[in-house]
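This document starts with one chain, in the form predicted alone, laid out as structure tokens.
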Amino acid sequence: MKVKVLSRNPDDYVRETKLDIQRVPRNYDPTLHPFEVSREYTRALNATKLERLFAKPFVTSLDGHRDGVNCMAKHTKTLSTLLSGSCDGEVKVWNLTKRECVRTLQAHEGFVRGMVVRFCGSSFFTIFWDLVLWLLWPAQHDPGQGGITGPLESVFTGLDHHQKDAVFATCGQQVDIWDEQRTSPIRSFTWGVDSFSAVRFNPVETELLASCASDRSVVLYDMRESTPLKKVIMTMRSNTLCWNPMEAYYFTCCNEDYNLYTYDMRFLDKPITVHMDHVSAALDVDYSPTGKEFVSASFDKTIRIFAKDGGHSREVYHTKRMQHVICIKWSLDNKYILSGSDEMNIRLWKANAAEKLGVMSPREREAANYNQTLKEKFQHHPQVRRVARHRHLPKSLYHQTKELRVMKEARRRKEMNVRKHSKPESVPLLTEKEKHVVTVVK
């Protein structure tokens, strides 16, 4: 004989204390909730609108330099420490938690051309035209108590340090590899170029490095080889580049033609992605620690955040007072962006403009995660996409964007007319990726 008994567990509906939330039983059968999708759509639209309403990315400004900020360096072991170098040779050490300068050093008599912190965080390097200065950490010592390499014969424009070994690279008239204990380079690379503007070590495959040259090329090197590996020559010059910290083969370079290009070093015949939106030369680029996004600084006084595979930026930051942005860094905790600009200020921005700073209660965190899931689910709906993509731009920037769009359309129309009135296949049809690469030399 079968006996049916009603069984209720008090833990399912009785609160532990009177401050707890009432537990409501819910049947998830979709036939009982015919309007669930429409309710979720409304919630997603409201969440997107609230995100734009609370998007206040600017955190603080660090002022104290007496000339434009020319370069910055992140400390490899401490999140709250930042180094900056200005055009008057001054180096400042900042505590980002307290938002104050903790040390000022007069390192050079002119532009600080480059700056990098050693992989162990014990010291840092700065360069001037013909001088590499090695300063011990912490910086309570005078600059003269650090190790100094120089003055040297060549002119320097860029600097980077190996991720694991006591080796650093400089660029100028050639790319030099230096041992910290020696006063002459252990290896030098040249390839018929008169000068280089930037050099970067690969953070994953640490023996590889790349440089940007004045003949519009990006050159790849292997420290174990005696000659460069190969180079790609583009239609305009690249200012600097940055390797993806999670994918060893990929790097992104910022170009004078207002675009950024992401390449796979194995296939340099065309970039993987062309990132556009800037209306003036892109001057600096830095990847997030996750390798999924990167941030770019431009001469058009804006900062833009791109997905690594996105052709257009997901975010643009600007202020009335910010001038040409010279250098940019993404913090190692993936939460903040630091920018240095012409008007002597370093600005701290949130990587996610609408993110709430500080401690969140469990209910707040659950609500934020739920809203984020809804926004991702309905992101391609026209109204949600329109609200999420809309950005207010300064009037000059807005008009420049429109003008560039008109110019691009005119070039496309002219190319179509030339092709229409020429012999078949005499004018090749090039994709946007292929237009900007001249040749690859091996």
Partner chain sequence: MSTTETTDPAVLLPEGLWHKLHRKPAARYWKDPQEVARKDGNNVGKTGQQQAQKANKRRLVEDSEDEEQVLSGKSDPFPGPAPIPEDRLQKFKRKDKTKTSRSQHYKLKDIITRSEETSEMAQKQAARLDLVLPEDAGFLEGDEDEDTCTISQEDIADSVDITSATKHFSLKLSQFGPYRVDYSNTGRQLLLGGRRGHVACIDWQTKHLMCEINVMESVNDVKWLHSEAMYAVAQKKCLYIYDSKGIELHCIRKFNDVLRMQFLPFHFLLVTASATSFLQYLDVSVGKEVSATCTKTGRLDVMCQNPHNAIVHLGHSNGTVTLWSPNQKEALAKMLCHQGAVRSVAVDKTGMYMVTSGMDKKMKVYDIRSFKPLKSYFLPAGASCLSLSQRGLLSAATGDIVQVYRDVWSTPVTKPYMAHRVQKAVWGMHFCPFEDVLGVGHGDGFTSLLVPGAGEPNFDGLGANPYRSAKQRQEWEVKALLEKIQPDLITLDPTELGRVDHATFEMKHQDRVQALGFDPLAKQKFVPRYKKKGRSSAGNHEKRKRKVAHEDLREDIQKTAEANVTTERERKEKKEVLLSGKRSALDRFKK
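Heads up, when I say rigid core I mean the largest set of C-alphas that superpose within 1.5 Å between the two forms. All values reported here derive from a predicted model rather than from experimental measurement. Positions refer to the first chain, counted from 1.
Heads up, the form predicted together with its partner chain isn't pictured, but that's what we're talking about next.
ask   = Using a 4.5 Å cut on heavy atoms, which of H381, K375, R52, R391 is close to its partner chain in the predicted bound form?
value = The residue in contact is H381.
inquiry  = Exactly one residue in S396, N417, T31, T60 has a non-hydrogen atom within 4.5 Å of its partner chain in the predicted bound form; which is it?
reply    = For this set of options, the contacting one is T31.
Output flag, R386, R405 and V427 jointly within 4.5 Å of its partner chain in the predicted bound form, heavy atom basis = No, none of R386, R405 and V427 comes within 4.5 Å of its partner chain in the predicted bound form.
message = How about N46 - does it come within 4.5 Å of its partner chain in the predicted bound form, if we only consider non-hydrogen atoms?
response = Contact check for N46: yes, within 4.5 Å of its partner chain in the predicted bound form.
ask   = Is the gap between H421 and its partner chain in the predicted bound form 4.5 Å or less for some heavy atom pair?
value = Output for H421 is no: heavy atoms all beyond 4.5 Å of its partner chain.
ask   = Would T42 show up as a contact with its partner chain in the predicted bound form if we use heavy atoms at 4.5 Å?
value = Result yes; T42 sits at the interface with its partner chain in the predicted bound form.
request  = Spell out, yes or no, whether the shortest heavy atom distance between D309 and its partner chain in the predicted bound form is within 4.5 Å.
outcome  = Output for D309 is yes: heavy atoms within 4.5 Å of its partner chain.
task = Quick one: find which of 396-404, 65-73, 33-41, 52-60 has residues within 4.5 Å of its partner chain in the predicted bound form by heavy atom distance.
result = That would be 33-41.
Partner contacts in the predicted bound form for 88-103 (non-hydrogen atom within 4.5 angstroms of its partner chain) = Contacts from 88-103: none.
ask   = Is V418 one of the residues whose C-alpha moves 2 Å or more between the shown form and the other one after the core fit?
value = Comparing the forms between the shown form and the other one, which are aligned on their rigid core, V418 does not shift its C-alpha by 2 Å or more.
query = Rigid core fitted, then: does N9 show a CA shift of 2 angstroms or greater between the shown form and the other one?
reply = Moves: yes, 2 Å or greater.
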